[in-house]
Each structure stands twice: as C-alpha cells, then as structure tokens.
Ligand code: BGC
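Shown below, as structure tokens, is a lone chain in the form predicted alone; questions about how it binds or moves come after it.
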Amino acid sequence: MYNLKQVLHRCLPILGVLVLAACTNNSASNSSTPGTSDTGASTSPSNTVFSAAKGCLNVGVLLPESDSSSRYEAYDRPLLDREIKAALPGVTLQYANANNNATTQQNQADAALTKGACILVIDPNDSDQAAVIVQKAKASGVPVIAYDRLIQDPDTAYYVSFDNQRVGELQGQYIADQYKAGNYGLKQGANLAMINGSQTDNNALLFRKGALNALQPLVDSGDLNLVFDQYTPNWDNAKAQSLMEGVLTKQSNNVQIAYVANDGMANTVVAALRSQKLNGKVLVTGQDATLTGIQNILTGDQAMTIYKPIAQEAKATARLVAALSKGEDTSSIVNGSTEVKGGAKIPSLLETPIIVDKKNVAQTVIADGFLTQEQICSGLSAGAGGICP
C-alpha cells in the first residue's frame, strides 16, 4: 500500500486531486490464488458502470455445450428460463449454446448484443477467451454474469456457481474415506488415475486442486500411487475413455481408483473398465448427478457423484438479473467473492455441493425432484440400489 506522499506524487500530475481515493484503492496487491473464493465482504458493481442494465427486459443466456454433459440443455436452460421470467416479468430471453466452441460463443454474444441484450448470463466455453465478450459488453454498459464457470476478466459483474474447489475436495475425501475403510478392497499402494476436466475451464482446475487437497497426503505417504493425472480437452467423453484405456494398458489393468471429474466422462471410463471386466471393482467418482451417473451408482459401476442443486443456481442468477434491471442493491444477494487472474475479486454467490452415493440417492436427487424414481429405475433391474421396485 502506498503512503499518502507516494499517492499524491503518483496521482496528481495525471488525474488530479479528485481521483486520489481511486488511485489509493488500486495500489493494493493481492496474492491469493486465481479462481479461489472467500466469504468476505464484496463490493457490488456500480450501477453507472453498467448503465444499460437499468430497466433491462432483454437478457442473453449463453451456455457452453451439450455433448459432454446433459445438464445444460436438460436442466440449466429450462431452469434459467423459468426463474428469470418469474423474477422479471415481461423479460425476453435470447438463448444460444456454443456447442463446445469458444469462437461460436463470442459470435453468439455479439449477436445477442446486436439484438439489444442489456444483461448477459454466460457459462463460458473457455474461461479466458470469454473475456473478449465481457469487454465488448462493458463498452455498451452491459453487465455479464458468469454462470457456473468463472470468466477470467476483472470486469465480470457477478459470478454465480458452487464452491468448486469444495466439489473436488468432496470427491477426493470420498476416495480417502473409502481407502481408510478398506472398501473396494483398497490397500496400501493402490493405483490412482486422475482424469480431470478441460484445462480451459477454470472449474476443472479447481476440481483437481480440491481433490488433491484430500488425496496428496495419501500419495505422499505411499498409501496411494498416482499413476496418471491428465486434463481432458473439452470434457470429451470419448477422449476420457481413450485415456482410461491407455492407463489400463500401461498398468496391465492394475488400477484400483479412477478419479473422474464428471458423470459424462465417468460413464465412458466405466465402459473402458467393463471391457476388461473391471466395472464395479474400481472406485469411480463423478459429478453433476446426471441420470446416467445415478444409474451407474445404483448398479455399482460408479461409486459417487456430486449433486449441485442447479435450481438454486438458476434462482440466484435470476435474482441478480432482476436486481440489475430494477437498479436494486445486490449486497444482500452475494455471499462472497472470487478472485480472477490479476487479483481482482468478483462479487459471487456460491451454493453448496452435496455428495451422493447409494446411501442417499432417495434423500437428495429424488427428494428434491431433480430426478424421479421412475426416471432412475427405467431399464434397471428390480431392487437396484435399494431404490427400484
């Protein structure tokens, strides 16, 4: 932090006495890890910065893809549509899906702005490249709410997601707990393969970081042997299967644990294991509580998933959209801040993820109406997982 004399010397010749406070504020440094979050106070963006938002009834909603996870079209899209329309009657939504292409998403954002979108809700296909969208929107006074995945730009207005490092910690701790309990026949020296998400998705970095927070002590002690640790471009399910097949070949099928970042990839990892008659014998993790993921848990092919109540995420996003349109203060909505590269902190609303395995399927995804018993049991044998009649 500069002292007053330094601030005067720095600011007066350039901007004048009236901007001393601004210069002083920007003199602080921050050494936190980009993409992490905290629950401390966060400052809501000034209404004057995003002037187009006041009275806005034209909202762009841009989602990243649909091929690696079914959640975006099956859950996020209809929930966002329902919640934003409920929170802001009379609103028009412009929707687009980038189909796993960052350039496509930029073009979709340009089109939405051209058609009058005055608030953008974006789940970025690429956390870095989406910064271009934020800057174009800012030039028009349009705020961008980063939805589910962080956008690496300090001018992002808000970030709505889950505590994504905590997601990874829950996945990793589940593995650690199963090892300590001796489940899946796990013993000292068990081989662990990590098939992570896309490196261009900031969430994937946080999932891996969180998982290693729980697993690294076991690796360092020799209790677990980390034989593979790689990101999967674009969360590609087929690539995840290929990676797992490669691990099995290299390790002569001697793999006891597959940390897999989400359910879509976990399903193809299970396919690779099934071809070697190892399904149900290897501990496989997942995320998103997809229908396929839950079914794989009930059949014993997948150990667990992470349930992220998307309805809460969509509702929180809708509350921010409505507050921006109505010119209302958002400090009571956000519950923390998330740091982007460079140290800036984005006001954030972070929901809590939940572990799901055979023991609590009924109490979580079914009880919440996220999935029905009929959906889950379709195609499964009677008594599967103690859930199906």
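Numbering starts at 1 and follows the sequence shown. Just so it is clear, the model here is predicted, and its values are computed rather than measured.
The same protein also exists as the form predicted in complex with the ligand; that form is not shown, yet it is the one meant from here on.
Put simply, residue 158 is far from the ligand in the predicted bound form: not one heavy atom of it is within 4.5 Å. Although the partner is absent here, residue 65 is a contact residue: one of its heavy atoms lies within 4.5 angstroms of the ligand in the predicted bound form.
For the chain shown alone, residue 126 is not a contact residue for the ligand in the predicted bound form, no non-hydrogen atom being within 4.5 angstroms. When the ligand is considered in the predicted bound form, residue 287 lines it closely, a heavy atom lying within 4.5 Å. The candidate stretches are 297-305, 247-255, 196-204, 211-219, and the one lying within 4.5 Å of the ligand in the predicted bound form by heavy atoms is 196-204.
By the 4.5 Å heavy atom rule, the three marked residues 75, 315 and 368 all fail to count as contacting the ligand in the predicted bound form.
A heavy atom within 4.5 Å of the ligand in the predicted bound form is found for one listed residue only; from 169, 83, 153, 148, this is 148. A heavy atom within 4.5 Å of the ligand in the predicted bound form is found for exactly one of 337, 325, 364, 69: 69. For the partner-free chain shown, just 262 of 241-267 comes within 4.5 angstroms of the ligand in the predicted bound form, judged by any non-hydrogen atom.
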